[in-house]
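Considered here are two forms of the same protein chain, supplied as structure tokens in two stand-alone entries, structure 1 and structure 2.
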Structure 1
């Protein structure tokens, strides 16, 4: 049975055209804000693009920010496919970072390859363990995962504050942070890696965690669409009643989905703790867990879309810094407003333009 041209056309509206339209609307609203401030929207857009992609160093910073959003976007997406809303990526990244920091503080002269391999495992285990409790509570006690994951964010933040102020703080300093790790525990910077291969790129915080995030996206794609467990997870997310009737265990599906989601969020800490800061700091996730929700929505919960959306938000972070520097009227707070408009339109109001776009595409088919 062949599909009609209208059906084929509408099949790519949601994953391709709709995010583009939503982004265009968000940029138009941002342009109105810029005009009201008394600046030129064209100049602001050029400054934003140049700050994010103008040279190799700017691209490196953009991809560095995007790395965090890829991990947290994948974490939110896996839970979404299981019909769950994981708002606890911040806390899960916190605990993953704590596990990584304890490893880096405790190892002596381990080879860097061994440290990185063990850090990947314990970061994932730490994030998964922190997500396991809310998952178990929903699966066996009926506690809603949205409420419990939010609460666990506060618990993780309070735990980290106590440890950094009273236990892990470097002696003789007042700033709540650990001592710097040994250089053998640092993630290699990409500009050093490519220099070893004979290439030269601009210096930036971009490190091997970006490569790990792309590998994670590939593994998530394979798991969700090419394994029996991924099929069960998506089936449960589409229709829990039908999935139970087909023999899929709801409790194990919820726990598995949240554990994988938490593990991905925990891996985000590699970028910050081992790749850039080389110590454990307060507020290490920096809000990336919440941005991951918008990244997952804009990326249609698909790894490819998530990577593209993460790069967009990374460009907003990096380009926004340049924007506030070059155009003083556009303060950092106004840049946050612009970022919020994009998140609002592309995330919360994602389907607002779906019906008009579909109606517009149906019209030529009806005429034919």
Structure 2
């Protein structure tokens, strides 16, 4: 019989329980939409799940989508740690894709290993370059990175449409896309690797870029929590004024963070351009830059959380394409609704849900 109330350890609430509660609330709101149009939310969820994880092929597709989202999620998260909101991952990935495509179109018969190594560098440089201008402008001219990265998305989109329609288009073709690259520049896909080892699994676009995305996650984790630069970035993000007093240069921190963020976004194109399409298509990032915002918020800006959230979103995108086959009233745009609601609940309403959840957990302890 102790007089003081038992202290409940709540360390696990924010990183583990809160995302689960957030996801549940977002799915509940989505269920309301599904009911509103006269379909069964339970059936929709089952269709989503079986479409995403039903067999090896679906899992392959899920992880292929997840690869894009790990890269863009990490991109948004690195910027977030520095207190910056990078809405421009979409444009940065697009420019990264341009660089990769130019490389793949240009190299004649380089060995694959060399092409991949150069492509990694060039995709990162392309994305970083597109993020550098907004970053430099924020650091030295005080223009806010949110607005400039939005503008740079539109500028990238105009630039790429121009290049694809007028310059890079395969001659004698209507649709604006480049010619197919030489097979020596393709990233190996999982089903080919598995067949080479003597097994057979369903064909899916899952490729080596997935492994790259996990390595990127590991490197981001090391950078953020085990290097001086990562520490400076986080300190700056927590309290810019204090960080400046501690001798951290705001300009170089902003530029470094945005460059790394852009580089990660640019790396997304490895998966899409070299791993799957083997050519550059119009609107190559396909909204993955915006999914990255949801992934980073839901994964609470930690690489482990981001990988989990990215797989969840990969499952939504893959399962979503099954929705329209099975349930005639639903379209795959439902996935976009869920994505938006997750950003709303995990991001904007973060504080709204956090305190009630913590209060609810404290209450039984007080009653003792």
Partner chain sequence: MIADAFLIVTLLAAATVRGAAPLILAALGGLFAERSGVVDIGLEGKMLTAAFAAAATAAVTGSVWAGLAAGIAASVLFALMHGFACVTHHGNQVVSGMALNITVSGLTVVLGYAWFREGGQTPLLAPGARFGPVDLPGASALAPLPVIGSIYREVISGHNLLVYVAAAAVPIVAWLVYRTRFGLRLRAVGESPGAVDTAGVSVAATRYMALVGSGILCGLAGAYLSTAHHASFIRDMSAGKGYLALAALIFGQWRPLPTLGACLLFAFADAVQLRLQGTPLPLVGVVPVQLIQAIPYVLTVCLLAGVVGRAVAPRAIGVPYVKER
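What you are looking at is a predicted structure, and each value in this text was computed from that prediction instead of being measured. Numbering follows the first chain given and starts at 1. Rigid core (definition): largest C-alpha set, two forms, superposition within 1.5 Å.
Only structure 1 comes from the form predicted on its own. Fitting the two forms on the rigid core leaves the C-alpha of residue 30 displaced by at least 2 angstroms between the two structures. A displacement of 2 angstroms or greater separates the C-alpha positions of residue 43 between the two structures, with the rigid core held in common.
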